[in-house]
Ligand code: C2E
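Have a look below at one chain only, the form predicted alone, in structure tokens format.
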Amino acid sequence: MNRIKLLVVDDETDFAEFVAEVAEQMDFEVLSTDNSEEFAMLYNIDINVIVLDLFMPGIDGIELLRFLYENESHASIIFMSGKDTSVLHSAQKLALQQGMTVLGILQKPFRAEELETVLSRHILRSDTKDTEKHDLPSQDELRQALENEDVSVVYQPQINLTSRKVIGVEALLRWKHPTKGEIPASYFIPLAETSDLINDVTVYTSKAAIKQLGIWKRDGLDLQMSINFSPKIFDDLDLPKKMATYTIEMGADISKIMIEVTETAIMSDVTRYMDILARLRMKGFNLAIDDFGIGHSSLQQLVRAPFSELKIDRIFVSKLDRDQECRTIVEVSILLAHKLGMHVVAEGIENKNIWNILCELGCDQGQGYWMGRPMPAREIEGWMKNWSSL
């Protein structure tokens, strides 16, 4: 098997050697230069990963990023710098907007373990691409899976950070293909959105989740149900009525349903979305603005839409304990939401330290692998008993 090729670009020779040594121990084939002007000579389409220092004499990292974009590079990028972290974040956003893959950003000095963690992401991505590149299911297979109910809904717990009480769950669709195994949602949701299947996916997930909510209600289990709505389905002006009718038929409580909408959805067609969102709220549904902080909506749109909850994206929460900028964004988001009378949910709580910081910042609720992974409905009650005993 061909080794993964990595190029280190750093004018600090000692640090470039450190990066090269760590990468070589992980079986990367490494090229290195401390002269950014040599970059164009060393770079070729076979390079898989580029570890790039942003601040270098002669030519800077942003110019090299432009070079990669203009040459349609498929290499994954790792940004590093010993200076302003805000520039690192800006470079990351710029690269993502240009369609590049950013494995991570590293603030100098960093430990070998931190670099290994970021490099491992490329190894994992490479393994996934090798096994799935020619074996991903088609649009027709997804349609068939929905018709045959070969998809399922799992539920991730959401917990009050102060009382530790389980408040509710988020419904998430899963697809296990009979021959190709578990198909990631990051693949089949965009597949559905680029076809005529996203309505079917959303309806399937919503109906399964609402039906389960009705079952839990009859069993005396008082939980809120959060359901994600793709921006693509907000063209149906009858959506509020349909949702309310089905909820009543299933014996579920409308006030216990939280519909999650991304910021992108709000910006695409403001008038239509405001119409639908307002009427969903008037029917008694709760509304959450999902992935807050990574979209493009203005504060004006946040005020216009009748949201009752704000969800802070995991990209900020997961780095809360080691990135001051992420902590500031989370802190300000919590303050803003509370000033607007909204509850705040933090996604991506991966350890106790992040939990404790969120408690200090006054976050209301949270979800993440540290508390509970997404699980089938039949496992929820058992998990709740175990959680309450911790």
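Note that the coordinates shown come from a computational prediction; the quantities given were computed from them, not determined experimentally. The first residue of the sequence shown is number 1, and the count goes up from there.
Only in words, not in the display: the form predicted together with the named molecule, which the text now covers.
Just one listed stretch, out of 277 to 285, 242 to 250, 91 to 99, 169 to 177, contacts the named molecule in the predicted bound form at the 4.5 Å heavy atom level, and that stretch is 169 to 177. In the predicted bound form, at least one heavy atom of E350 sits within 4.5 Å of the named molecule.
Contact check for E141: every heavy atom lies farther than 4.5 Å from the named molecule in the predicted bound form. Although the partner is absent from this view, A75 stays clear of the named molecule in the predicted bound form, with no non-hydrogen atom inside 4.5 angstroms.
When contacts are judged by a 4.5 Å heavy atom cut-off, E260 counts as touching the named molecule in the predicted bound form. Checking S195, S230, Q107, S308 against the named molecule in the predicted bound form, a heavy atom within 4.5 Å turns up for just one residue: S230. Checking I159, I289, V201, M225 against the named molecule in the predicted bound form, a heavy atom within 4.5 Å turns up for just one residue: V201. Although the named molecule is omitted here, in the predicted bound form all of A185, T205 and P374 have a heavy atom within 4.5 Å of it.
Between the C-alpha atoms of D313 and E114, a gap narrowed by no less than 3 Å is obtained in the predicted bound form, as opposed to the form on display. Put simply, E116 and K319 spread apart in the predicted bound form: their C-alpha atoms are 3 Å or more farther than in the form shown.
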